[in-house]
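In structure tokens, the next block holds one chain alone, the form predicted alone.
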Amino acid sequence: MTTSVARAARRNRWAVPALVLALVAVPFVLGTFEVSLATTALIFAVLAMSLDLLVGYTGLVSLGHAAFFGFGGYVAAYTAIHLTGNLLVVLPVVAAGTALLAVVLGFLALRTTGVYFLMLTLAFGQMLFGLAVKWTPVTGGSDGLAGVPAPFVGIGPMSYAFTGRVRFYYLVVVAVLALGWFLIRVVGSPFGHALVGIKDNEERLASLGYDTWRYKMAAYVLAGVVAGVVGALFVFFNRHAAPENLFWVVSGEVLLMVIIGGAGTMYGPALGAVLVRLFESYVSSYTDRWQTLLGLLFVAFVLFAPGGIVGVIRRRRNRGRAPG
């Protein structure tokens, strides 16, 4: 037992430096297209991790998570176009805006559970999508907000602009590592353990004196803020805020990433996001029926690997440790 624990500790000790080294090396070993693909994959990896905070840890299956992703993008685009592209201003504004939106939506949605919660979150996301399409003076209508300037940090001659794919890629790497670390710390804290207790048996936790509604609201707001921040990064990457980022298809895709990767593991949804983005990018270049193939991949995971990618990895490890 002691030997296995020591081995696990050594693996975890080297896992993070190896990941950081691999991310830093991407622009040196891959081309421009691959760097752009890695950037979007990392953004969606954190988006999937934020949804996992709800689905895998709190037991709240949401089909409207794109509402925060798209809303954060619009707030970032509007702020950058009309005020400043300074990330020291934009990101706090995005975080505050998505937090407020999450409080309003959560106040209504968290009064329900199960399929009713899922349908309400779907409805809220579609309402925001419709608003983005119709509110042309603010959102640009169906065309969205184009011409978003490159983000920067600093003031005047001391500022540093994230122009070019490589510079922006490294900005995303820093943001992803920071947000991923934050989410992992959250689920490993007493607060995160309380969320798991809510998922397992909310009535029992409430009988112990926990205000479960407040815990769920806090998780909903945290997940929404993280989704809004990466939504801002996605808009800065594309230099365009589109209403499609609010659409339910994005929410469904991110939920797919969580399930394929392994809900309730945090790093599993990140792997699922990378797999789905790579699948979309490369398979779609060979066939127009890539969505059908993605659906078949999802069905295969549900039937044969319900624990997702992480579940498969764990089974292989346990099989290797079993006595011969």
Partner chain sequence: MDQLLPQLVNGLVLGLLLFLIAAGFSLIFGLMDVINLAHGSFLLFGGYVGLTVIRSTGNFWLAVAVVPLVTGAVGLAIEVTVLRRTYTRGHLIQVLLTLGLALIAADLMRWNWGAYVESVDAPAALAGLVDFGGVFQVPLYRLAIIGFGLLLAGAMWVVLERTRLGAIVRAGVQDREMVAALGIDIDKVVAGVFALGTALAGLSGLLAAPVTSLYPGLDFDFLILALVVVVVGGMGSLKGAFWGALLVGMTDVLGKAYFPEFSLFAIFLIMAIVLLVRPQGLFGTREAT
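Heads up, when I say rigid core I mean the largest set of C-alphas that superpose within 1.5 Å between the two forms. The structure displayed is predicted, hence computed values, not measured ones. Residue numbers count along the first chain shown, from 1.
Beyond what is shown, the protein has a form predicted together with its partner chain; the following relates to that form.
Position in contact with its partner chain when the complex is considered in the model of the complex, options 87, 120, 205, 217, heavy atoms within 4.5 Å: The residue from 87, 120, 205, 217 that makes the contact is 120.
Its partner chain contact at residue 124 in the model of the complex, heavy atom, 4.5 Å: Judged by the heavy-atom cut-off of 4.5 Å, residue 124 is in contact with its partner chain in the model of the complex.
Partner proximity in the model of the complex: residue 259 to its partner chain, non-hydrogen atom cutoff 4.5 Å: Judged by the heavy-atom cut-off of 4.5 Å, residue 259 is in contact with its partner chain in the model of the complex.
Touches its partner chain in the model of the complex: residue 252 (any heavy atom, 4.5 Å): Yes, contact at 4.5 Å.
4.5 Å heavy atom contact, residue 112 to its partner chain in the model of the complex: So residue 112 counts as contacting its partner chain.
Proximity to its partner chain in the model of the complex (heavy atom, within 4.5 Å), stretch among 124-132, 92-100, 223-231, 151-159: Stretch with heavy atoms near the partner: 124-132.
Within 48-84, the residues that have a heavy atom no more than 4.5 Å from its partner chain in the model of the complex: Contacts from 48-84: 61, 63.
Core-aligned C-alpha movement of residue 21 between this form and the one not shown, 2 Å or more: No, the C-alpha moves less than 2 Å.
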